[in-house]
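Below you will find one chain, with nothing else, as structure tokens; this is the form predicted on its own, and questions on how it binds or moves follow later.
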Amino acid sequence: MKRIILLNAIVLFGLNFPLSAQNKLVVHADQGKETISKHIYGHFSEHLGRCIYGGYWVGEDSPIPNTRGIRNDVVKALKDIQIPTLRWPGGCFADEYHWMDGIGPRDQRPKMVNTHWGGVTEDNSFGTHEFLDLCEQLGCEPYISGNLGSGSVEEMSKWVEYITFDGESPMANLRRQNGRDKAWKVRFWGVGNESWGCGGNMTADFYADQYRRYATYCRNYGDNWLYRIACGANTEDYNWTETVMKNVGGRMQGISLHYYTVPRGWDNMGSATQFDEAEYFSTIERTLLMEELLTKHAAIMDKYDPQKGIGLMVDEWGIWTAAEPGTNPAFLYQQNSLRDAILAAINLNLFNAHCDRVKMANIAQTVNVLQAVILTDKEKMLLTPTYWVYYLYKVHQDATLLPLSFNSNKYELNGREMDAVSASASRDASGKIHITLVNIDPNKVQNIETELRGTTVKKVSGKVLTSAKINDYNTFEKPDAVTVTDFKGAKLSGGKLNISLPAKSVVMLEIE
């Protein structure tokens, strides 16, 4: 009887039991050649729910500390993770957004209905000037999604001119009239969003023709050279990628990919915090589809662009669960647990591994929507477990990817299995090596025997993100329930590095 009880305890959700077997990891520190673009660590913010209003924007008259209406606490938190890129204004909202409604005196801006997200009134108080002010405060690059779905070629062309032309023209003079003399630098420009769905329900052939037309009039002014991003595929629509690559080719600099991890599927999405181990396992299985998507879409791109001049931009990704009970379901407000942090870390490791083709990724969405890194409630703000993954992983931005040889143990449940550990490594400009590791197994410690070839290791330090349960999360009452702490589980011995990863954890090691 005691033996049965012990066996049952071993498989209970959330308990830690060490493995006897070793994972074997080799970091080839002398072989790196690809750069991990910092834009892989980008973010996405749409006019949706409380992402913009209450998330970033509170207005100059708010008692919440702000700079020209933009929350100081949110700006500081995002600067602390070195946010490199911010995509705006959508999303589906982008293809019903008419930019001229969002410039000029705020009390004179026309209102509109946000038909995609709850039918609420959009007062356009946060527009082009406010967004670009936000990006300047953050020190990040803006990525603007232009309206191809319900807009016109003229409208998009004039928006580019308004923002980026520094000479004499009607649009540049209108910008000056609205308080901005000097043109902004905006490289990243999306020509339509989800044109296969909410952005117009187009066929791939029709979209490719529309892209060619619109992009022709998205001009380069002065030294502002646009990086034009075509609407790419929804998940595994490989025909869309094939068609756009074939028909557009070198007229674009990037092509997008959207994929969301939906724990139970779109008909019954599942809770952000109420799930068992079986649902955790299947959720990670679903997110691991990203590896297949990156590989197959990149293979199609290689046919038409063997020199890899066109970037694959995963500009919407993350976990999508049901909205929190008691909130507007159209506002997509969900909590954020340790599961979501593990999911984010796995995806970022994958994007790093494919950095020869993946040049940007934008998690959806930054504040108060979907897999947010920040949640706000009036004057209160908290950092989610996913935020702390970005805090740990910022060391990879613009670093050199180091190849890995890895033999991982398996995490098994109900006859299915996956690798228990996900890993990535890079060398930064100062020569420091960083390894990010994810122990996907919620029950067992993973011991990793690590060899660093081509370098001498003198010192190792680290940080860890974990908690008692896989569905733990932060609240406004307990904002630090899941947070980063010092990691003491890495030891140097005989020229090798032995690592003991706690169950359900994300670890960042710095090696000198």
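Since we're looking at a predicted model, the values are computed, not measured. So that there is no doubt, residue numbering starts at 1 and follows the sequence shown.
One more form of this protein exists, namely the form predicted together with a small molecule; it is left out here, but the text below deals with it.
**Student:** Where, among 76-84, 315-323, 349-357, 248-256, do residues come within 4.5 Å of the small molecule in the predicted bound form by heavy atom distance?
**Tutor:** Single hit among the candidates: 315-323.
**Student:** Might S337 be said to contact the small molecule in the predicted bound form, defining contact as any heavy atom within 4.5 Å?
**Tutor:** Outside the cut-off, so no.
**Student:** Answer with yes or no whether Q365 is in contact with the small molecule in the predicted bound form, where contact means some heavy atom within 4.5 Å.
**Tutor:** Although the small molecule is absent here, Q365 would touch it in the predicted bound form, with heavy atoms inside 4.5 Å.
**Student:** Is it the case that Y41, even though its partner is missing from this view, gets within 4.5 Å of the small molecule in the predicted bound form, heavy atoms only?
**Tutor:** Outside the cut-off, so no.
**Student:** Could you confirm whether L48 comes within 4.5 Å of the small molecule in the predicted bound form, counting heavy atoms only?
**Tutor:** Yes, L48 sits close enough to the small molecule in the predicted bound form that at least one of its heavy atoms falls within 4.5 Å.
**Student:** Using heavy atoms only and a 4.5 Å cut-off, determine which of C92, L174, L293, I284 is in contact with the small molecule in the predicted bound form.
**Tutor:** Answer to the contact question: C92.
**Student:** Of these, Y391, Y260, Y221, W184, which has a heavy atom no more than 4.5 Å from the small molecule in the predicted bound form?
**Tutor:** The residue from Y391, Y260, Y221, W184 that makes the contact is Y260.
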